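Below sits a lone chain in structure tokens, taken as the form predicted on its own.
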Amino acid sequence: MTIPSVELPSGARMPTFGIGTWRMGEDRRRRKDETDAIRHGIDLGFTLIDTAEMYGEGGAEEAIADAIAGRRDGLTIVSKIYPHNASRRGAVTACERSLKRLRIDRIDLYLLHWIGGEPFEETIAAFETLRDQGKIADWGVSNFDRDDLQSWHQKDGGRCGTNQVMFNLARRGVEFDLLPWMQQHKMPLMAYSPFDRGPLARDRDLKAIADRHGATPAQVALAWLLQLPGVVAIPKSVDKVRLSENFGALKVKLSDADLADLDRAFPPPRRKQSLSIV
């Protein structure tokens, strides 16, 4: 199965479906299982891997390095920087540390993990320096609501590659204003926690729809995200069976009747909502 892709400002293509690594790298006793899971995901056909220097304080990046050794070509690696490291000088140093842990020469997409105390102009200048040095290809942000993203956009020269936020059937607030704004500006939205940290994978309404397709509730939750224009889903799992199940969501094609049932079970927002953040 071929995973669709979206275009980043550099002209590179980013798959709309990948692997998240939140909570990985926190216990070295689990390193082999985590590395094996990432390798299995690559074997299945996932080529997008998302991580952050915060995950296991670099441990997740190290697990990814083990998993992609000798397989770097064709992969899109995304990492994120702590806000307190996002100064003009600090961002360069933090990125170099991530590159060393990942054992790669370039991060394909580098994100500000959330808004901190550094002026946007300083972080953008640092990201541009890293891009000029060839250490990153594209850059963007995470956990930005529309007003903040608009403020960033006024300063970024149109080079923001994505905004990564919590988005799933149970938390649809971004559909009110953030997602439409990003679609208007042709900026992909990366959706983390697509199962709402677990409950959606066991939801009865999703199961009823899943049964029609010979699928699972988790696959329906992913299929719903994947049918939205400009949305990238990055579920995390260290279980090989679950990873295979996630990949199988590509086969689930939701009908108009399915989508209507989902809207009844999980109504879209009718007013502005606070951005969901984990």
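Because the structure is a prediction, the values reported are computed rather than measured. Residue numbers run from 1 along the displayed sequence.
The same protein has a further form, the form predicted in complex with a small molecule, not shown here; the description that follows concerns it.
Proximity to the small molecule in the model of the complex, defined as a heavy atom within 4.5 Å, singles out one entry of Arg197, Arg72, His185, Arg103, which is Arg197. Contact check for Val278: a heavy atom falls within 4.5 Å of the small molecule in the model of the complex. The closest non-hydrogen atom of Asp239 lies within 4.5 Å of the small molecule in the model of the complex. Under a 4.5 angstroms non-hydrogen atom cutoff, the small molecule in the model of the complex has Glu245 among its neighbouring residues.
Among heavy atoms of Trp152, none comes within 4.5 Å of the small molecule in the model of the complex.
In short, of 248-256, 28-36, 205-213, 227-235 it is 227-235 that has heavy atoms within 4.5 Å of the small molecule in the model of the complex. Across the proposed site, Glu61, Ser79 and Lys135 without exception lack any heavy atom within 4.5 Å of the small molecule in the model of the complex.
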